[in-house]
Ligand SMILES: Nc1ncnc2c1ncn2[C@@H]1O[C@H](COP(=O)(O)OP(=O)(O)OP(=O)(O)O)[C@@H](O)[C@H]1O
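A lone chain, given as structure tokens: the form predicted alone.
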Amino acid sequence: MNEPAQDKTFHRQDLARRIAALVLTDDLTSAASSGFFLSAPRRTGKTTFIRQDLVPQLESMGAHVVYVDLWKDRARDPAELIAQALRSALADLGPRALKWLTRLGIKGGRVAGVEVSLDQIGIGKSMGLGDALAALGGATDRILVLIIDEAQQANTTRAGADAMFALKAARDELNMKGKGLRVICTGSNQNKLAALTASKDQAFFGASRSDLPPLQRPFIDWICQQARSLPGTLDPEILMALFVEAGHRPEFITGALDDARFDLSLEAGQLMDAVTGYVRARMKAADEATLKVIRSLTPLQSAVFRVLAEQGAGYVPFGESTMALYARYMGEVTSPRPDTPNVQQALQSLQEKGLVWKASRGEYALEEPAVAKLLPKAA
């Protein structure tokens, strides 16, 4: 008899239950029906938690969940990724979706045995996102939860921003007439995600926001219990301190354990010293990879990047005082000079290098806020 497969995921089910209850509540004093925004730094386990814990918990509480990752394919418009997720969700329902789709006038083609063309769903097409969600709600007869991972990417294109407004309208409609719709937006950059709720011209202005708690000691204890074939015993106290030093990013811990596991010269009494060295070596290598990109910047690109990092949300790329700051950072280098066309080109290059993020309305931010701390080392 085969033994059950080992679960390789650390679960946070209590946290998932708490968030699911907050999202699905019908408490009239709660803003949950307006949307819920959840942020956590990149590579700290956010997406794993969403997919492995929160989605199953929401489903167990009666919701029908649609998940879309706006970083799944960054070459495609975020609006198209959202539309594709809704198309796939409808196709999965097969015949159950037929009467709702045909009621809305969608026909032609064949998907999952249903005479219907799901290509008609999307921004600017014959069936809008709201209609697609209405069809999903009708076909499932359950409250819908749409989870948009890396939701700040919706603000990088006009169609993406329009999609968010379409979702807001659908949310209002379904919460009044159907079982209801909840929209959960998650992201790796707190400031960029907050921008979707902080301004009155944003679709989800006033929605609830929260930070996902980082992994803590129970995760490290689980790692110590799961770790096998190591030449010695892990010390959870030391490992937890290293985890905090590594910004609560599991990959640095698990990678370091593999380094130790395959270090054939390592003896039992040397394990924790070796793991400490490997964690710090991996952190340094990650920083050096970023520093290599920063050090390769042209003088103007470097000046633009440093001023953006310094000014943060108050950054005005083409202001007179900002141009003077660029010139100051460039020092004796005078070509190309900091003017609007050259700064625009520099910002475009910084986007291509993955250092800068741009919203469709022309706002700029660091792709990774933590990179600002590396700038003194880049000189």
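What you see is a predicted model, and the numbers here were worked out from it, not measured in a lab. Each residue number is its position in the shown sequence, starting from 1.
Keep in mind the form predicted in complex with this ligand is missing from the figure; the text below concerns it.
Q) Want to guess which of 332-340, 35-43, 316-324, 347-355 is within 4.5 Å of this ligand in the predicted bound form, heavy atoms only? A) Stretch 35-43 is the one.
Q: Examine residue 172 and determine whether its closest non-hydrogen atom to this ligand in the predicted bound form is within 4.5 angstroms.
A: So residue 172 does not count as contacting this ligand.
Q: Considering only heavy atoms, tell me if residue 222 and this ligand come within 4.5 Å of each other in the predicted bound form.
A: Yes.
Q.
Within 4.5 Å, heavy atoms only: does residue 205 come near this ligand in the predicted bound form?
A. Heavy-atom contact with this ligand at 4.5 Å: absent for residue 205.
(Q) Contact with this ligand in the predicted bound form for residue 250, defined as at least one heavy atom pair within 4.5 Å: yes or no? (A) Residue 250: yes, in contact with this ligand in the predicted bound form.
**Q.** Proximity to this ligand in the predicted bound form, single hit among 215, 260, 303, 242 (heavy atom within 4.5 Å)
**A.** Checking each option against this ligand in the predicted bound form, the one that comes within 4.5 Å is 215.
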